[in-house]
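Just one chain follows, in the form predicted alone, and it is written as structure tokens.
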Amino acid sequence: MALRIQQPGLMTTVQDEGRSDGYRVGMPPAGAMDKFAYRIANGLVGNPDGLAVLEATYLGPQVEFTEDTVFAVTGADMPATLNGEPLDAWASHTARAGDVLAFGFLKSGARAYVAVAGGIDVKPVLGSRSTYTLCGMGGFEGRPLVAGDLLSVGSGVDGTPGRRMDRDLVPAVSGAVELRVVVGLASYRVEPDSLAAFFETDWSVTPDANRVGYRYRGGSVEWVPRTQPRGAGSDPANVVDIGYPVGSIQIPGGSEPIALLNDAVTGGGYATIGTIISADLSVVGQSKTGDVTRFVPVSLEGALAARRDAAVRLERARASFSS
């Protein structure tokens, strides 16, 4: 069984849960940007957790199934068709040999996920099948897919067609979002009034938004005056190297904040004023150029509660599958 890529879309890669175990030694996790949509896609077709899927950004691929199988599409509102006929998202479907899955223009959100029974069978690298394009590793030859690629599909999963998730549990992917942020690690480097204004500003996603990071435009911050420390750069946002958790927010030069995401480096020389909580990273993954974003400060306790809520929501969604 294989998938033949007839058209690759704008940016389609193979992704799974990512390489979380490598972060401590400087390896970014990669992995699906919207973990909720990714996990639901696998669950709908009957895959166990962790199998690889296709992640399509802004414009979906055109994919031919070479054998009968079961597949599902989740994530962004990117209307899918099978042999030209409209296809429900957040549901599993049967595909016959020769059938072609295609996508229309994006309506909302940013990334769609395609899971197939058995998962995309590429060689794991450092414990993950996820594509990390900056190093050309993982996924299919370490790169986004191109026309003519033939992706093997794993065996051992028969697939379950006709499953669908409760529509009331489908996440809203609108053009305005709120992202909760735990303030730190180096927020003390920003003037207090300026830090408060950061959380009162409507920021818009710039065209510089990808798997490495999202850049935002809408205001600026003032840095606390300082004497340049030995080993730090001259930019007022520079510090001696610091670690970057996924979701870290840095503001080089005081303008255009950057949220560092799945494919970003794990450390560097810019102060990070806060970190987007893990429960909201899927929301980032479904925002796109021009979308309006508000950052909202939250306590560590609030972040942990949000993570628990996200886990409950995922289990409710899985429990809602019906034929």
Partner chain sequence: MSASTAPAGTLYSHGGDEWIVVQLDEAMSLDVNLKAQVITRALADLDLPGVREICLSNASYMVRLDPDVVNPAALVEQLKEIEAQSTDFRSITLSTRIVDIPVLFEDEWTAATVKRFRDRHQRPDLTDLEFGAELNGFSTTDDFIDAMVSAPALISMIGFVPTVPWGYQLVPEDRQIEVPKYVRPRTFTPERAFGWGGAFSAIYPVDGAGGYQLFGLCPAPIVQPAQTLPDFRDSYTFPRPGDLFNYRKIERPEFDEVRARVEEGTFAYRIEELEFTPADWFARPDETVASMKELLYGA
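Owing to the predicted nature of the structure, the values given are computational and were not obtained by experimental measurement. Numbering follows the first chain given and starts at 1.
Just so you know, the form predicted together with its partner chain exists too; it's not on screen, but the next bit is about it.
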Practice prompt. Please determine, with the chain shown alone, which of 89-97, 160-168, 146-154, 222-230 has non-hydrogen atoms within 4.5 Å of its partner chain in the predicted bound form.
Written response: 222-230
Worksheet item: Does its partner chain come within 4.5 Å of any heavy atom of residue 202 in the predicted bound form?
Response: no
Discussion item. Under a 4.5 Å heavy atom criterion, is residue 246 part of the interface with its partner chain in the predicted bound form?
Written reply: yes
Worksheet item: Would residue 172 count as touching its partner chain in the predicted bound form under a 4.5 Å heavy atom rule?
Response: no
Discussion item. Although the partner isn't part of this model, could you tell me whether residue 135 comes within 4.5 Å of its partner chain in the predicted bound form, counting any heavy atom of the residue?
Written reply: yes
Practice prompt. Report the residue, out of 177, 122, 182, 82, that has at least one non-hydrogen atom within 4.5 angstroms of its partner chain in the predicted bound form.
Written response: 182
Worksheet item: Considering its partner chain in the predicted bound form, which of 51, 45, 284, 277 comes within 4.5 Å of it through any heavy atom?
Response: 277
Worksheet item: So which residues in 164-202, when you check its partner chain in the predicted bound form, have a heavy atom no farther than 4.5 Å from it?
Response: 182, 183, 184, 185, 187, 188, 189, 190, 191, 192, 195, 199
